[in-house]
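Read the single chain below, which is given as structure tokens and is the form predicted alone.
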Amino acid sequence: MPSSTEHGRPDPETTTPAPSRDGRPVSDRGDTVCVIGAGASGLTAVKNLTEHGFGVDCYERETGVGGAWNWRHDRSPVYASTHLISSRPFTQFPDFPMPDSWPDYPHHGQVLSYFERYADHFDLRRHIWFGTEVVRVEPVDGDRWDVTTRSTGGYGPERTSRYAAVLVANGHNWSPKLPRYEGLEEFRGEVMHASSYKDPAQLRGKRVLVVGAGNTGCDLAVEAAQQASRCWHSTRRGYWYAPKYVLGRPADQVNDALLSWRVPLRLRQWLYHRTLRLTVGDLTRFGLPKPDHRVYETHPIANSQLVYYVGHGEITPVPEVARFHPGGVSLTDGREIDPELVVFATGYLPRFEFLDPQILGDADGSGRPRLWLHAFPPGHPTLAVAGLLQPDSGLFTLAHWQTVLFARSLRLRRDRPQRAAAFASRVAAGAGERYAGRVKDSSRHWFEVGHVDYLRAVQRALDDLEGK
């Protein structure tokens, strides 16, 4: 671990001893808050907590900041061509803009450099313990938390420190969700999850089947159209595809304007269908399945190239996989195909291995947390999760305001405990609220929110804290 001199803050090993837990020594960190993860959400949490007067210890399992956007990290899902799918103004932190000279949709390398500059500008690195993973987070009396850490990889002894509060920002796009198919174990071709895809050379010259119609699945199908000798794209249902530009502007900026004008959902749906008819027309004529839901009931797929390559015959849309054989794949429509490489772009599941699932409201073992604002677990006012969202625009602004709300709620516990208790009751009453209208009930859509509705809900919560 780095020394206290390197970080400019106390070493947990030298702080006041607390009563031991199961025979383990515990160092008491007083009013310090623990932040888990130094990606986008963790960095803004450290900044906002310190600005509200709290000491912070941030534990990051990797050797640098950036989380999922740092391609050097072994859990990063980033590949060579990754760009933002939300435009620059709707992605950046509200108090630290991206350079105006950057493109509308920056490359992942630019996003990582943005986080590094953010960390340096607000002097955040001195609060971060790099190369340190969290093993356990356990509640103790009085809404405090024992956090047990060790060097990443399990080397060295475990250390337990007691904190006044914990903010979890370990991300939710790193634990692959893998489908199960009959005969998959017997398939003689190569199989990989999209999390293992890094470079187009992995596709070059091969017959490739991409399974999954999320943003990553569509991106990989487009890359396979350019690199592979043959590309099939398998989807279970139909989706709505949105171009990245509409009326000469990034699509999320046009959509935000409609939302800010409070254009009714039905009218926005009509405008979307009208735009679709005027541009690419009926997508079913390309062989793409008809969507089984209305537009905006799930977030449209942001991809301007998929329909282009389907229309040019470089991507063959196919239905769901029925089963695998040693030499090929059977589809649900009876067709047989013979891919050499199968890429499962089937998403990720949230994982909080260091926490009892019931603390986050996962009472049925599904892995789905039940949190107010997708951030606050009922009954634990000193615990929060940041960044557990899939918005229809950028994430960083939403994570910023989540952590501002958490910091102010902690300060209220110290300064106005009665109002803090009322806020805790609001959290308990609001767990399970939705902020995206009607959405499909699948793990892919668990955390979908409309950014305008969500920010309004956070603003109401901030007003409640201030007694407005």
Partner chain sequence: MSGTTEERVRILRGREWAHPVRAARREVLSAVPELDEGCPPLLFVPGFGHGAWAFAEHWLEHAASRGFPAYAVSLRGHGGSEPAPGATLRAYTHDVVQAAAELPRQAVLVGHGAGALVVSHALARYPARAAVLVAPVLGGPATALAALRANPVGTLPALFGGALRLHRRQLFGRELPDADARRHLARLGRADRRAQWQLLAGRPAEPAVGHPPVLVLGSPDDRVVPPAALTRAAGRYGAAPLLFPGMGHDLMLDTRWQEPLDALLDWLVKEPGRR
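Positions refer to the first chain, counted from 1. Just so it is clear, the model here is predicted, and its values are computed rather than measured.
Missing here is the form predicted in complex with the partner chain; even so, the following discussion is about that form.
Against the partner chain in the predicted bound form, the set 257, 416 and 462 is in full contact: each member has a heavy atom within 4.5 Å. Heavy atoms within 4.5 Å of the partner chain in the predicted bound form are found in one stretch of 404-412, 37-45, 24-32, 61-69, which is 404-412. Among the residues 136, 117, 237, 268, the one placing a heavy atom within 4.5 Å of the partner chain in the predicted bound form is 117. Distance criterion of 4.5 Å from any heavy atom to the partner chain in the predicted bound form singles out 99 from the list 99, 156, 131, 109.
Contact between residue 249 and the partner chain in the predicted bound form is found at the 4.5 Å heavy atom cutoff. In the predicted bound form, residue 253 approaches the partner chain with a heavy atom inside 4.5 Å. In the predicted bound form, none of the heavy atoms of residue 204 sits within 4.5 Å of a heavy atom of the partner chain. Taking non-hydrogen atoms only, residue 347 never approaches the partner chain to within 4.5 angstroms in the predicted bound form. Contacts to the partner chain in the predicted bound form (heavy atom within 4.5 Å) from stretch 155-191: none.
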